[in-house]
Structures are given as structure tokens and as C-alpha cells.
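In C-alpha cells, the next block holds one chain alone, the form predicted on its own.
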Amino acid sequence: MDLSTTYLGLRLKTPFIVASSELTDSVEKIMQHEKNGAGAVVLKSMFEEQILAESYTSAISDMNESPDAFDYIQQYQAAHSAEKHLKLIEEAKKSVSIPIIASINCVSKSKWIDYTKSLETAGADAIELNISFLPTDMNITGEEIEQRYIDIVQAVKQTVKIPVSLKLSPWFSSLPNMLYKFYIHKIDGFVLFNKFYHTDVNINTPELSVGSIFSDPGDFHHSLRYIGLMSGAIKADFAASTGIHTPETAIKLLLAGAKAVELASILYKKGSEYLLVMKEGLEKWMEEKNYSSLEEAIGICSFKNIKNPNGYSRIQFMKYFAKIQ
């Protein structure tokens, strides 16, 4: 039985990708994931601020050093962090056969983009751009935000030759239009959707607190809708992310058109060995449905291929609550 799939032009033995997190920050962990059936891994993200050494600004400024010393320390910290990350790529490529996808969490186009060439040189098979920009200024328009994303995509695509994917939020006024714009700017794939930091309120203190850091099993529905809508509309690969806790959920997303699924929360909760459960569940389903190859099943429930695609565009509950048959 062939569980392989093609994502970003890379051949994956299975559709299960370990998402960018502390689960992928060492060669030992990556080797374990491969052993348990991962098709690829996305390395723990480098942040734009890390690359630029902006995270050290406040502490170093308090030292009242000269501007030259300040610049030197910034450069040293950035180089040290970057060097460690590049070494991880090099060592992982020597130790496993599955694709290694580098990840950068970014919000703007700046000098950090030059670093993507180093990722390519170190051996990364692809780059996942995790663009996370939360609008908080009422003077910034939607067009300006969209252009910021496009500027980053253009700059990175001009810098590297390896495939580049975008891990996005659903917070665009017209997500299909934005996906199409990214596609015409040569993006190779999309990861839908990002799991963001949640703000909560502690009512006893009262003060701000951190919400759940893990996804919930029902969080996959939004990803399923847009992957189903768009996977047959543009010739880019889609990976699903967020809320994928069971083989059944992974299968749903693959049927909708995802070429792969990214896992994190469930692996934090149950360990890397849960990849074996995901793999066995997929194999059992394929056997029951008489699929010899996973690629036979991918996308058969997409908007393009399903007999009644209206369910993808319906967002009201009228039929459900009115008991309309």
C-alpha cells in the first residue's frame, strides 16, 4: 500500500508532517519522527527578530555601550543563533532521508531575507514562511497589509530556488483572492491555518493571561473548507494544519485536497509514537476503501470534484435549524 504523496515537489513517504515547534529542534527528535512514520518535518522557526538580533535591543541599550559595541553584539548574537540553526539543518540532512523544511516567522521585508539563502545552502529542502502580522493600528489599511505579505513573498522567491510555502491565518477579507495573488507571485504551497497565541483574561486577578496553547479537535473545519475550495482552483500544493488529532480528521483533509497534514498538538500530548497510530489508521481506511495509492484519494471531495459542492460555500445554519430536508 502506497502512502506517499508529493508536497512542494518533494516526495513524502507518508502525508504526516511534524509541524514547526520544539518537537523538531534536534536531530534526535527528527530521527525519532522518521522512525515513527513522519513524511517530513518543519524545523522550529527562526524568528525575524532573532535573525536581526532585535530581541537583544533593550538589554544591550541598558548597558549604555557605544554604538559600535552595540552593533557588534547585535551581529554576534544574530550570527550565533543563525549558525546553530544552519548546523541543525546540515546534521539532520546527514541523519535522515525525509525532507527537512526550514521555517521563518516573519512580519516584514528586511535584511533577514538574505538568511533564506543560507538555509538553502545548508541543505533545506524547502522553506515555510510563517507570516504573522496582527493589525492593531486603525490607520493601516487592508491593502497595505496585503502588500506587506506580497513584498515578503517576492523577496524570498527572488533569493532562493528551493520551494517556498506560506503558513497563513484566515484573516483576509477575500482569502481566495489573496491565495491567487500569492500563487501568481510563484509561491509553491500553502499551509492552512496557523495556530496563534491566544489572549485570555484571569478574572480572579484580574489581568491578561495565556489561553490554550494547543489546538482542539474541532479546529480543522476552517482548514477543510478553504482547502476544499482552493485546492482544485490553483496549481499550488496545500497542507492542512490545526486540529488534526485523529487519522479520521487527516483523511477528511486529504479528501478535501490537502497533499499533507501538519501535526503538533497531538504529538505534544501523546508523543512521537502517535505518528504510528495516524499511519495505521490511514492504512486501514485505504484498505477498507480499496485504495492502493493515497494519491487516488487526495482531492476527491474538493469543490472541483465533488458532485454537490454547495456545502463549501454555505455559512448559515438555516437548513440545519429549520429542519429543511
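So that there is no doubt, residue numbering starts at 1 and follows the sequence shown. Treat the numbers as computed from the prediction; the structure is a model and nothing was measured.
Below, we refer to the form predicted in complex with a small molecule, which is not included among the displayed structures.
> Find out whether any non-hydrogen atom of residue 241 is located within 4.5 angstroms of the small molecule in the model of the complex, and reply yes or no.
The answer is yes: residue 241 has a heavy atom within 4.5 Å of the small molecule.
> Find out whether any non-hydrogen atom of residue 265 is located within 4.5 angstroms of the small molecule in the model of the complex, and reply yes or no.
Yes - in the model of the complex, heavy atoms of residue 265 and the small molecule come within 4.5 Å of each other.
> Check whether residue 116 has any heavy atom within 4.5 Å of a heavy atom of the small molecule in the model of the complex, and answer yes or no.
Although the small molecule is absent here, residue 116 would stay clear of it in the model of the complex, with no heavy atoms inside 4.5 Å.
> Does residue 214 make contact with the small molecule in the model of the complex, using a 4.5 Å heavy atom cut-off?
Residue 214: contacts the small molecule in the model of the complex.
> All three of 20, 44 and 194 touching the small molecule in the model of the complex at 4.5 Å, heavy atom to heavy atom?
Every listed residue reaches the small molecule in the model of the complex, so yes.
> Choose from 31 to 39, 275 to 283, 44 to 52, 292 to 300 the stretch whose residues reach within 4.5 Å of the small molecule in the model of the complex, heavy atoms counted.
Contact-bearing stretch, as computed: 44 to 52.
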